[in-house]
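Starting off, we have a lone chain in the form predicted alone, written out as structure tokens.
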């Protein structure tokens, strides 16, 4: 058995199906999308080569793109601000709690196992103006004037989606941070305590620097998923009201599959890809700390 597994042809035979499937699902469609971004095509008729015309239209005459780009930026920032600190605080807190640790970890991680559409339907009921728990709590506290139609008001719709997604995924990043904490030697904390570092000083000067590589991973995951966000926004708000919650992935979907401007939608997809790659590179650069110094 060992001799067979050391044979490169046997290894190739096992790996080839997975590589072939990956090539069919990821690189080929990606290259075809880049190709079609230079065409005008409604899927049904013949594709017409237009060069960079789709990209010129996006940046010069597509006002929805500008709105979607701004909303995507706010969506990304809001997701990072809500998820990273909460996940970090919970991870640090759970390292100090000895009883019911597994219970709390399971409870916080549970929303990650639910599909985005199901989570969005759940939050639709939470935000419901008449039956929703948020307005019900506000009214019970005598704050009925603060009650809103959360998903139908331009000032709140996007943030309502951000909160629902953050609720779904903060437990995922909490688990990442718990994993990073388990790799830190207890001797480091003992030495810090001897030097007088206690409480949140120990967290800020010891825990946080050693967790930076894992925080970088979480920030990249949140950033790329926020740029590609679609299902939660689509289910909760569609794209309204008045494009106030339209993000780039939803705008791409509308152009390509609802308005049958497939070439234009492909150009938007390429821009999404570039944004993901560039922002991932920027975050890698910003958090490119040298672990050796710790």
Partner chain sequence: MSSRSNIAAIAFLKLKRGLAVVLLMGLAISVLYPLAWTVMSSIRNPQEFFLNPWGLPTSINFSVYKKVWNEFYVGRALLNSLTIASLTVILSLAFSLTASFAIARMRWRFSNVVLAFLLTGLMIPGHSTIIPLYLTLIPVIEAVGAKNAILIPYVAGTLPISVFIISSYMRSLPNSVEEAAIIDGCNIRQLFFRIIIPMSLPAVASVTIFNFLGVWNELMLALVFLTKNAEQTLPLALLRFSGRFGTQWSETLATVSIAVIPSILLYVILQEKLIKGMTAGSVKG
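Numbering follows the first chain given and starts at 1. Remember, it's a predicted structure, so these values are computed and weren't measured experimentally.
Not on display, but discussed next: the form predicted in complex with its partner chain.
Of the heavy atoms in residue 65, none are within 4.5 Å of its partner chain in the predicted bound form.
At a distance threshold of 4.5 angstroms between non-hydrogen atoms, residue 41 is in contact with its partner chain in the predicted bound form.
Its partner chain is not drawn, but in the predicted bound form it has a heavy atom within 4.5 Å of residue 111.
Taking non-hydrogen atoms only, residue 133 approaches its partner chain to within 4.5 angstroms in the predicted bound form. Only one of 203, 81, 73, 122 comes within 4.5 Å of its partner chain in the predicted bound form through a heavy atom, and that residue is 122. Of the residues given (192, 86, 138, 77), 86 alone sits with a heavy atom within 4.5 Å of its partner chain in the predicted bound form. Residues 17, 18, 19, 21, 22, 23, 24, 25, 26, 27, 28, 29, 30, 32, 33, 36, 41 are the members of 16-42 with a non-hydrogen atom no more than 4.5 angstroms from its partner chain in the predicted bound form.
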